[in-house]
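The chain below stands alone, shown as structure tokens; this is the form predicted on its own.
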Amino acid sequence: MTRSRSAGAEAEAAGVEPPLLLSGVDRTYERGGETVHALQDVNLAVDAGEFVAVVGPSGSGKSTMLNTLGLLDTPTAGDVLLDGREVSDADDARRTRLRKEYIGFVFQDFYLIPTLTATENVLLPTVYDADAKARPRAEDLLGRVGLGDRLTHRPTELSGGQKQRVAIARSLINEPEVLLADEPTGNLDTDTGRQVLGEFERVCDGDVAVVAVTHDELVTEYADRTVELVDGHLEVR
């Protein structure tokens, strides 16, 4: 199911900066009197429209890397770049703004508000914005993920796959350049997982860069590229 894409080669030839780049990133923690090297000299460039799967055993640094990519964690050393702009040293206010403008998140547990409809859940990232186009955009996104007839349904009225598609629509409401997914198929059966991964393919077709951290080999079938974290070191599979 792996797609063949030339986005990276084309971007490099055109001198276009990748939307997401880690360069020589280290992340260390002090825990129980010991120094933990969660990430060690990690280099990763993800191009627009590319789907990258990140695999590795528990404790290998996958969550730390995803948090670093999503500006939820700060590297001990190295650089994090969005569209060629260094953001490693950004303060909390700028990180929050950058996450809102450039990054969408999809989580294993969906994190939908049970009292809100599908449309209202998708609108949550825009709740403090005076954006008259947000609701039509939310409804359009739900239609694109096959939920145009579920706009007013609440999470208890949706299947697991439908909830995950609502979460994908929510992650796209601010038109991000990067989509980060944490175990996106972890709570889904295989058939539903394939449906959700098909949505990620369509997201990539819109030139959004997708990075999915996973234990599920199914995800690697859909990814353009798979990298593996082993003891904090990134290896090409």
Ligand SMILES: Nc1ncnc2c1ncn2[C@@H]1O[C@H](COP(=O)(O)OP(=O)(O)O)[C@@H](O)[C@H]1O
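In case it trips you up, residue 1 is the first one in the sequence shown, and so on. In this text the structure is predicted, and so the values were computed from the model without any measurement.
Although not depicted, the form predicted together with this ligand is the subject of the following passage.
Query raised in the report: Tell me, which of Val211, Leu69, Ala38, Val203 has a heavy atom within 4.5 angstroms of this ligand in the predicted complex?
Result: Result of the distance check: Ala38.
Query raised in the report: From the list Ser63, Asn187, Gln195, Asn174, which entry has a heavy atom within 4.5 Å of this ligand in the predicted complex?
Result: That would be Ser63.
Query raised in the report: Which one of these stretches, 203-211, 165-173, 42-50, 24-32, sits within 4.5 Å of this ligand in the predicted complex when only heavy atoms are counted?
Result: Flagged stretch: 24-32.
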